[in-house]
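The chain below stands alone, shown as structure tokens; this is the form predicted alone.
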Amino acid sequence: MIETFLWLLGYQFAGELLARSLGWPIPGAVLGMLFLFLTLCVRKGIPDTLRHNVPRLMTHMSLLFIPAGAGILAFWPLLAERPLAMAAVLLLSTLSTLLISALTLTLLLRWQQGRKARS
């Protein structure tokens, strides 16, 4: 489990370092996940430590909503000033997430069927 945390925190640190040093408006954790994804693509595989431990960590993903809830409480006056804008942003982000997920699933299923047909 320690090695898994080193992988995840190392990539998050690298993302934070790059985002802050270049002044990019992208969260460092997002860049870190992108770096991890690229590393796994280059390696063409998932290390055993990540394969075995990450599913256990994913059972506790609900803890990630605590900072979001704290952010809502901290910025409530600002959010309350623009209820229509907030509703529009929530609606558009939810719909775009659903649409992109559906398109990704469709493309991956087509790709998988094409691989099965060739073999």
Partner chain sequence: MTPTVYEWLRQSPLTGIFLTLLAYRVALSISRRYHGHPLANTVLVGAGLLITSLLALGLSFDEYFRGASFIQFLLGPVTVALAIPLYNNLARLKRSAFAILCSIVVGSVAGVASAVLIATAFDMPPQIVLSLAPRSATTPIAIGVAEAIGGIPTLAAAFVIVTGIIGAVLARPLLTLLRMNDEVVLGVATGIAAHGIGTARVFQVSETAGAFAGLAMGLTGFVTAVVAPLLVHFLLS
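Being a predicted model, the structure only gives us computed values, none of them experimental. Positions refer to the first chain, counted from 1. Just so we're on the same page, rigid core means the largest C-alpha set that superposes within 1.5 Å between forms.
The following text describes the form predicted together with the partner chain, which does not appear among the structures shown.
Colleague: Please check if Leu99 has a heavy atom lying within 4.5 Å of any heavy atom of the partner chain in the model of the complex.
Modeller: Answer yes; at least one heavy atom of Leu99 falls within 4.5 Å of the partner chain in the model of the complex.
Colleague: Is Ser21 close enough to touch the partner chain in the model of the complex, meaning at least one heavy atom pair within 4.5 Å?
Modeller: Result no; Ser21 lies far from the partner chain in the model of the complex.
Colleague: For Lys116, is any heavy atom within 4.5 Å of the partner chain in the model of the complex, or not?
Modeller: It does: once the partner chain is placed as it appears in the model of the complex, Lys116 has a heavy atom within 4.5 Å of it.
Colleague: Though the partner is not shown here, which residues of 8-34 have a heavy atom within 4.5 Å of the partner chain in the model of the complex?
Modeller: The stretch 8-34, when checked against the partner chain in the model of the complex, contributes Leu8, Leu9, Tyr11, Gln12, Pro25, Ile26, Pro27, Ala29, Val30, Leu31, Gly32, Met33, Leu34 at the 4.5 Å heavy-atom cut-off.
Colleague: 2 Å or more on the CA of Leu22 between this form and the one not shown, with the rigid core superposed, yes or no?
Modeller: No, the C-alpha moves less than 2 Å.
Colleague: Rigid core fitted, is the C-alpha displacement of Ile100 between this form and the one not shown 2 Å or more?
Modeller: It does, since the Ile100 C-alpha is displaced 2 Å or more between this form and the one not shown after the core fit.
Colleague: Taking the rigid core as reference, does the Cα of Leu9 move 2 Å or more between this form and the one not shown?
Modeller: Stays below the 2 Å threshold, so no.
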